[in-house]
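Only one chain is shown below, in structure tokens, and it's the form predicted alone.
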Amino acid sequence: MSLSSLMNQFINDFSFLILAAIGLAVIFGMMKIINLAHGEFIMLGAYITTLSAQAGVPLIISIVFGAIGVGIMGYLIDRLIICRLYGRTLDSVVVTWGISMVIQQGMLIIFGPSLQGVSTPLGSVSFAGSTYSVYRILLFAISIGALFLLYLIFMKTKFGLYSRATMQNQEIARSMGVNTNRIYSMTFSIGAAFAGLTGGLYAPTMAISPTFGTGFLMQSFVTVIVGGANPLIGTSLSGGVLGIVNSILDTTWGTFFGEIGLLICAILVIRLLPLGFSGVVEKWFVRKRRM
């Protein structure tokens, strides 16, 4: 196991985990809604991106179309269905599972079992005896940029202030004049848009089918569970730790053991750190302020 191959695998795993989980982390962390349709949102982003690219739209604009299109769809789903589930975490599991089935079967009926994809752009480069896909490196940079964008949205804007207030105490936020239902709708839309962005970004690298999002679902849930409720701190820390674990096991023993390692990490974190990495960090900040 060479250092260069390990680094190559870590770049792939980190970007995959961050991009797969970031939309789910936003919706769960801010709304306490367990979105089992997350994989289908990713799949829709891939379909919108692929169909736009096949129509002659440049790939980068097609990816933006995928994110915006799924974000709009997420807003509509929230206004029609999810708004009735605020504060009902367990009920959201059943309802979003039903939404995922409707979306998946609908895409199967409309487009068939598969869709011709687009080729991976940008080629590859060689460094230190290893070959790196330029597009994979770009995905790594985009994953870090997505975390930074999430930080700006929820820490540097009025919407972010209102959303954090709503998350901490909905009743007090509402009494202070915050339209909490609108905040929830926008949050769900942002989470859906991040999922659509993920689908668009990975559309050139994977086969496009109605089950496209299934390959993202387990890793995204594990990353969110390990990270905890804070979508920014938790996702970045869990993506880094799980990326290291998965890349070492994947490079040494193969993909199967890499996935087993992710599940074992999730079990250990649930047992030892019930609030996830973000809970530990937030407790540390609270103790530091009291000193």
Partner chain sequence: MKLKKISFKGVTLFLIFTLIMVLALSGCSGSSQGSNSKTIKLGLLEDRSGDFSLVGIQKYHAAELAVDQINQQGGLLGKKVVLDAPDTQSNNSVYQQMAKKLILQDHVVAIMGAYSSASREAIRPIMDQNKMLYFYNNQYEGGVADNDTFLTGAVPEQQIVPLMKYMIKKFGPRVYTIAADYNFGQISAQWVQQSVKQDGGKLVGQEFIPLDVSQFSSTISRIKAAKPDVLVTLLIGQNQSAFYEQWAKQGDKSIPMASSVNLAQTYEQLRFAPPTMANMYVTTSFMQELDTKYPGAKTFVDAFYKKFPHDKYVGQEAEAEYSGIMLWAKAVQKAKTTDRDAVIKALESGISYNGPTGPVTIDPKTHHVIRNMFLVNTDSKQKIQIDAEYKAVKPDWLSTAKGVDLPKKPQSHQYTPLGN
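Worth saying up front: this structure is predicted, and the values here are computed from it rather than measured. Numbering follows the first chain given and starts at 1.
Keep in mind that the form predicted together with the partner chain is not shown, yet the notes after this line are about it.
Asker: Consider residue 202 of the chain shown here, and say whether it contacts the partner chain in the predicted complex, taking contact as heavy atoms within 4.5 Å.
Answerer: Result yes; residue 202 sits at the interface with the partner chain in the predicted complex.
Asker: Contact between residue 145 and the partner chain in the predicted complex at 4.5 Å, heavy atoms?
Answerer: Judged by the heavy-atom cut-off of 4.5 Å, residue 145 is well away from the partner chain in the predicted complex.
Asker: Could you confirm whether residue 149 comes within 4.5 Å of the partner chain in the predicted complex, counting heavy atoms only?
Answerer: Contact check for residue 149: no, nothing within 4.5 Å of the partner chain in the predicted complex.
Asker: Please determine whether residue 111 contacts the partner chain in the predicted complex, using a 4.5 Å cut-off between heavy atoms.
Answerer: Yes, residue 111 sits close enough to the partner chain in the predicted complex that at least one of its heavy atoms falls within 4.5 Å.
Asker: Where does the partner chain sit in the predicted complex: which of 149 to 157, 189 to 197, 67 to 75, 208 to 216, heavy atoms within 4.5 Å?
Answerer: Result for this chain: 208 to 216.
Asker: Counting only heavy atoms, which residues in 9 to 33 are within 4.5 Å of the partner chain in the predicted complex?
Answerer: Heavy-atom contacts within 4.5 Å come from 9, 12, 16.
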